[in-house]
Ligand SMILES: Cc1cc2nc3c(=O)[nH]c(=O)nc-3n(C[C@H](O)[C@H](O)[C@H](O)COP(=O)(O)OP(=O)(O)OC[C@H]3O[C@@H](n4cnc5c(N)ncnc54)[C@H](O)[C@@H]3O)c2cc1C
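Read the single chain below, which is given as structure tokens and is the form predicted on its own.
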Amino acid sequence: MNKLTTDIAVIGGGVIGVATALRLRADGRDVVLIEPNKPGSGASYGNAGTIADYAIIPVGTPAVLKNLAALLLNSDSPLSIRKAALPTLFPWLVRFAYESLPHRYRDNTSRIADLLSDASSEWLELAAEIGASDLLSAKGCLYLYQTPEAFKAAASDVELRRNYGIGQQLLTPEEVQSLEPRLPQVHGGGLFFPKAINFTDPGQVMSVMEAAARQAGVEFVRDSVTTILRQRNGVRMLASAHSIHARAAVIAAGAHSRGLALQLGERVLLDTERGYHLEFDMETLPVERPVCPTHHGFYFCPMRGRLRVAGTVELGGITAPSNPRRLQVLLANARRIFPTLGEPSRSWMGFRPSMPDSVPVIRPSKGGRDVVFAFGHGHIGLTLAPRTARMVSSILAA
């Protein structure tokens, strides 16, 4: 077994782990990052590519709670559950229902808004540092409302975002058509976030970030941590072929973080959203910016040389295979907007680490600052990577 000693060990090589390792290395720390797969090859690759600083509303809301049973038991809904996973998910679902109550929903929105407040500026700074600015697009983001009733029902969410200073513009159907002329006409209207930015290739962003971290001196270890132990003089992590001793450790293993936290005596209600996407290779893209048909709950994401259709939530753990039905529904709904879409060039399924309140866990472990938690980001992991890295750096510096 290979033995390694370092100042800080980062467990997890998604966007949160790599951004954190890069930040800690800039602080002058010796850093080892442990990841069993190619860094950034999971949800950090398969996401919608949006820096969603406008996404302050948690998944759990009073409206979702009202329709929760119907949503979860409908395999075609934007929020569904693998029925075989229901017994395991029950504690998470009970807490999710509680966090969807009006007073919890308001508190969670406030906490998420605080985290997202500087997300775009922090990403612009990080992208410039690592040489990824050419992968950023600043054309905003568009929500679509198919009917006047749906458009009217969104008014409370619009007002909530306005109260937190989020820039947004209500668009008539004609204005939607002018902004995105290849879209079919909607009868409700649109909501435009003019300051939103997105990446045209999240996978390439991760490759650039990994290269920058390696060049900065971060040591990458291709292995999977199975055991984490506190010792008098630090933290020991055991993997299949390595034993790593560090002064401190950061658990940023996404959907796999719960078991490591449990070994340290903390029961964290982390579970997994299974996310899906389809991609269509094409030279001329049908949209200029990320577009979300809100009634279907997914995004059309313009990428370099391809259109990505990404989104929906399936609660179901990390061991079951991909659900073909979710991909079929995604394809059928995409074709309702663009009927001439051909067969997908590729498909993907990955795991989003999800908390019942949609608020990520970014804090010292209860046993002390020698282990820091940085997981549970759900749909805003890409968005919050630089902010999370800065918070972890501050915790370890205290």
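Numbers follow the displayed sequence, beginning with 1. What you see is a predicted model, and the numbers here were worked out from it, not measured in a lab.
The discussion below concerns the form predicted in complex with the named molecule, not included here.
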Contact with the named molecule in the model of the complex for P36, defined as at least one heavy atom pair within 4.5 Å: yes or no? yes
With the cut-off set at 4.5 Å between non-hydrogen atoms, does V31 touch the named molecule in the model of the complex? no
Does R25 make contact with the named molecule in the model of the complex, using a 4.5 Å heavy atom cut-off? no
Can H256 be called a contact residue for the named molecule in the model of the complex at 4.5 Å between heavy atoms? yes
Considering non-hydrogen atoms and a 4.5 Å limit, which listed residue (L142, V205, A249, V225) is close to the named molecule in the model of the complex? V225
Taking 4.5 Å between heavy atoms as the contact cutoff, choose which of A48, V329, L65, I337 touches the named molecule in the model of the complex. A48
Quick one: which of 363 to 371, 339 to 347, 56 to 64, 36 to 44 gets within 4.5 Å of the named molecule in the model of the complex, going by heavy atoms? 36 to 44
Can you list, in sequence order, the residues from 303 to 334 that come within 4.5 Å of the named molecule in the model of the complex, counting heavy atoms only? A310, G311
